[in-house]
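First, one chain by itself in structure tokens, the form predicted on its own.
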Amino acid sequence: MYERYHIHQEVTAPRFRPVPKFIIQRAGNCINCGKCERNCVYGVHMRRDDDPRRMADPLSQFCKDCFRCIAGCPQRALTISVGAEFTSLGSGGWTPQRVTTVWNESETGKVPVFGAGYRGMFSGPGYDAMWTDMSEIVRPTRDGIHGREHISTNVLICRNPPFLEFGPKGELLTPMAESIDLPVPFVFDLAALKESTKGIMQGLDQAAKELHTLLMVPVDKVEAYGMDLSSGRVVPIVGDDAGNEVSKMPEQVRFIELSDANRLKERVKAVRAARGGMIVGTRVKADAELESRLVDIACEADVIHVLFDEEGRESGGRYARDALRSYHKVLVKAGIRDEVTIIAGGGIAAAEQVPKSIICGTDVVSLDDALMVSLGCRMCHSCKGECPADLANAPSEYVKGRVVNMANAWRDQLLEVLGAMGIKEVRRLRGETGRAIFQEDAERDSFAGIFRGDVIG
């Protein structure tokens, strides 16, 4: 019987002291009229328990930046400023706003609300230099998360045959390869995590079970993390002795990843000999040479897991936004794009970057740093010294709750994007660059008639 996919989320409070974006201060000229309390629906302003005649210090961590209290204070006794602790959060592509956004998503499981609206730059590096089509004109009755019509976020991990052949009676003659159907277009890459305690790993395993997704785990860490290969959730990452490693694995393991693309043909052949029909993927570092090797890799591996750095770049500096579009075009030109699955990982720091990555040409996104941020990681410039989020001691139930909540919020935002476009399934979004506006294209279209063409690019 058909059952619509649903993620059950529960509020999971943080284990650390919240870091407010804005610090609200009450001056001495406050007359304790309580108008700020009546104006605020988030509980920032309350009266003191020991003396209800006086207002307590503002609870800035609950502020949603609506400024109603500031504007409504008759004495102008309230001031607001950006907190120094907030501005110290994050590094690289992880801006302070993105860190706290993921914290909020991981606590409530809902799309976050920002009362002050967007007050940042219109554009930026990488995915921030593209905008998805969210026009209500395209679909005035868009559903998004409201569910009046079904929008599928399912993706397949497999090698598709280049064509189907049928017999005289309509029977399918083409042998169909093993495939894995995921209800969400993201997996967890545990090999890329900075913190790998048993509590975190078991919590991520429980979250993957709840979400029906996969975990990429180095084969030598599976036992240490307390994971069960027979669960079917674990994708072992194996080294040079791939054939021998695969022969020891239970039959529930249907998908393995090779640690790199060295001697790829030989290692894939060994895996096929040990376990026919298994999905074989390979992890490849995004660099300037990958584009020229991509077709050869795609002819051998069923899945190509492209790894960008923490800022979502190739080793040569090109952002994933541009690299993935180039990879996609190379495979399309070779006529094999639909035969192979592309997983892209590294630098994914916001819900909006999942559909943007898919638009640029990937099938599935692997999450790494976002998982740690959901647990309270501040994405400091270095992990030296005492961790303010105490990640090492995070219990598994906390990890599961936070990650499941974040996944629900990210899926809801994906549904909003698909609904606004009038697209019923996420697989149709792959490579649809016409569904997005890219900064350089917008500049060329706007200014080509004013400046010389070589100035616009």
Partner chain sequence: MESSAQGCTSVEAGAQQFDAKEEPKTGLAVDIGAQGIPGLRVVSGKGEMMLFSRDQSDIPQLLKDMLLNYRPDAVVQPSTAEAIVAILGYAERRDLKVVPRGISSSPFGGAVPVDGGIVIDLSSMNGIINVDPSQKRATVLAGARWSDIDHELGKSGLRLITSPSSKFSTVGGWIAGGGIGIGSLGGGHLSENVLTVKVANPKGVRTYVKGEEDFRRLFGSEGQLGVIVEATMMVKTKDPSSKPHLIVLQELKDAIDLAISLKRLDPIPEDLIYFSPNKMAYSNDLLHLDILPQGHALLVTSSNEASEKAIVSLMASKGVTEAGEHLARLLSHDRYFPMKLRRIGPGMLGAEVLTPTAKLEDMLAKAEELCEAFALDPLLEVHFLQGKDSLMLCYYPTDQGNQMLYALDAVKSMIVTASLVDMGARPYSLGIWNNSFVDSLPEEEMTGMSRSKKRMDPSQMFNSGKYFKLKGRTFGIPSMLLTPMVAGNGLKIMSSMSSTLSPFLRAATAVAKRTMGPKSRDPLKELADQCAMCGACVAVCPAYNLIGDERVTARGKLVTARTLIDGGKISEEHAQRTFLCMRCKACEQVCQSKLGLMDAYDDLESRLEKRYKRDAKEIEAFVKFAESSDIYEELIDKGLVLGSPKNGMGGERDV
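Positions refer to the first chain, counted from 1. No experiment lies behind these values; they were computed from the predicted model shown.
Just so it is clear, the following notes concern the form predicted together with its partner chain, a form of the same protein that is not shown.
Self-check item: its partner chain in the model of the complex: contacted by all of 248, 273 and 276, heavy atom 4.5 Å
Solution: No, because 248, 273 and 276 lack any heavy atom that approaches its partner chain to within 4.5 Å in the model of the complex.
Quiz item: Is the gap between residue 76 and its partner chain in the model of the complex 4.5 Å or less for some heavy atom pair?
Solution: Looking in the model of the complex, residue contacts with its partner chain include residue 76, since a heavy atom lies within 4.5 Å.
Quiz item: Is residue 34 close to its partner chain in the model of the complex, meaning a heavy atom pair under 4.5 Å apart or at it?
Solution: The answer is yes: residue 34 has a heavy atom within 4.5 Å of its partner chain.
Quiz item: Closest heavy atom of residue 51 to its partner chain in the model of the complex, within 4.5 Å or not?
Solution: Yes, residue 51 sits close enough to its partner chain in the model of the complex that at least one of its heavy atoms falls within 4.5 Å.
Quiz prompt | 4.5 Å heavy atom contact, residue 30 to its partner chain in the model of the complex | solution = Residue-level check for residue 30: yes, a contact with its partner chain.
Quiz item: What stretch, of 34-42, 421-429, 388-396, 406-414, brings heavy atoms to within 4.5 Å of its partner chain in the model of the complex?
Solution: That would be stretch 34-42.
Quiz item: Of the options 176, 84, 332, 71, which one has a non-hydrogen atom that comes within 4.5 Å of its partner chain in the model of the complex?
Solution: Going through each option in turn, the one that passes is 71.
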